[in-house]
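The chain below stands alone, shown as structure tokens; this is the form predicted alone.
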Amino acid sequence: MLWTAIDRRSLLVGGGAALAALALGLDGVRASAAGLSDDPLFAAARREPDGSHSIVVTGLDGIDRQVIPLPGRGHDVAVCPLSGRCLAFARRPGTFAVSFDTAGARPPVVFEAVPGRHFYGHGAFSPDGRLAYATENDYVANRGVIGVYDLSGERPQRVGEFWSGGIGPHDILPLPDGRSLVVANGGIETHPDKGREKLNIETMQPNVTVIDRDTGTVRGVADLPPGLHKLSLRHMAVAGGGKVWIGGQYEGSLQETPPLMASLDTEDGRLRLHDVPDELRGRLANYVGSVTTSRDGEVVAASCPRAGRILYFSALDGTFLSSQQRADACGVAPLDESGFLISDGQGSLSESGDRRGAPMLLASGAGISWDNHMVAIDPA
């Protein structure tokens, strides 16, 4: 596997069918969630009313099941599908991460990035749960690396690293083959001495790479065309069959309106762009904050928090399906087979329901603010 091409001819522009209305209440959602818990749990980073930060495990009722204080702002939570163990990472350019289990059987363990590295907010587990992979910045050499952590002991131990295939690795996910990792290299150079300042906007080169997690070999690279080199590829979801869905954040002018969603077929290495209808183009603030797929694998959801919108695409071919408005909504997690839980910066949890209408409010917490991502945790 070694591919670098992009299939620009397959750019999909707007239109498309809308999904049939679901019109399910909360009880209906739960009843339809075959095989899922009656009390599905979710984890996310959150700002508390006193301004402190934490990782929170919550239910659909918005009641906290577990609150883990953090030394600073968190970003995403990676969940081991085998053990249910979780890792949460600091928001770029933070240097802390925390390991915890959702049952609270063991106390959380906070650990630090090694000198010369900081976290980019995301990580992934090996299939057996023994290893974890974190996106990190080697800011001295100005290259992205994937830190490898052994989780078999009392504390995570960093046992190695490999090149991410680009600059600014952000999201990382395992592929269904059990051996490969897919990495979204956002292409943006940063340095902790400069905070979150972006240092190479004019020369950035985002890409998506597929890496052999055993050898660290970059097996494939998918690049954007030169005209889209400012489209930072950031957040991903992997659907059935290994197709990868990627949301972008455009660093060019807001007057420009490039497609913000892409998909990667890992078999042929073709990167395709997926656009929205004309009435939405230019109204999304050029920013996708989170991407996920429904449990049935048929729908891709992408949040645009700066525009207050959730977008829905067909996972089959990337056709735009519909959108919903919800102010400052960014976290999106699969709920039942085809629905989504939506969290927002105003402390609310909503259920997507009829994806052509407004999300249905489930719970709201005064003074709290949910961070960018929310992940589903299936209790053992």
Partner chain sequence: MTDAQREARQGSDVRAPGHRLAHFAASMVLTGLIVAAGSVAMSKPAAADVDYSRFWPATVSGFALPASDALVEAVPALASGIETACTGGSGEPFSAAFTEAVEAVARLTMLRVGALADENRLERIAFIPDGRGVVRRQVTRLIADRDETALDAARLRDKSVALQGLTALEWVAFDKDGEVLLADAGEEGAYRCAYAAALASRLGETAEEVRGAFAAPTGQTGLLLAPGPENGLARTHKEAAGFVFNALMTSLELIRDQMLVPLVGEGPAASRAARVPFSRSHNGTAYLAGAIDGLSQAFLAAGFAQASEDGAWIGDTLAFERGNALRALGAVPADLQAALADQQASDRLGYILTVLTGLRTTLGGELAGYLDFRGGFNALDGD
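As the structure is a computational prediction, the values presented were derived from the model and not from experiment. Positions refer to the first chain, counted from 1.
Below: the form predicted in complex with its partner chain, not depicted.
- The three residues Ile68, Gly104 and Lys230 each lack any heavy atom within 4.5 Å of its partner chain in the model of the complex.
- Just one of Val218, Leu173, Val110, Ala113 comes within 4.5 Å of its partner chain in the model of the complex, counting any heavy atom, and that one is Val218.
- For the candidate set Leu87, Val299, Leu273, Ile246, a heavy atom within 4.5 Å of its partner chain in the model of the complex is found for exactly one residue, namely Leu273.
- Residue contact check for Leu82: none of its heavy atoms lie within 4.5 Å of its partner chain in the model of the complex.
- Contact check for Ala44: no non-hydrogen atom falls within 4.5 Å of its partner chain in the model of the complex.
- At a distance threshold of 4.5 angstroms between non-hydrogen atoms, Ala285 is in contact with its partner chain in the model of the complex.
- Though the partner is left out of this view, Val148 does reach within 4.5 Å of its partner chain in the model of the complex, counting heavy atoms only.
- Picking from 291 to 299, 238 to 246, 156 to 164, 96 to 104 the stretch near its partner chain in the model of the complex, with a 4.5 Å limit on heavy atoms, gives 156 to 164.
- In sequence order, Asn142, Arg143 are the residues of 128 to 144 having a heavy atom within 4.5 Å of its partner chain in the model of the complex; the partner itself is omitted from this view.
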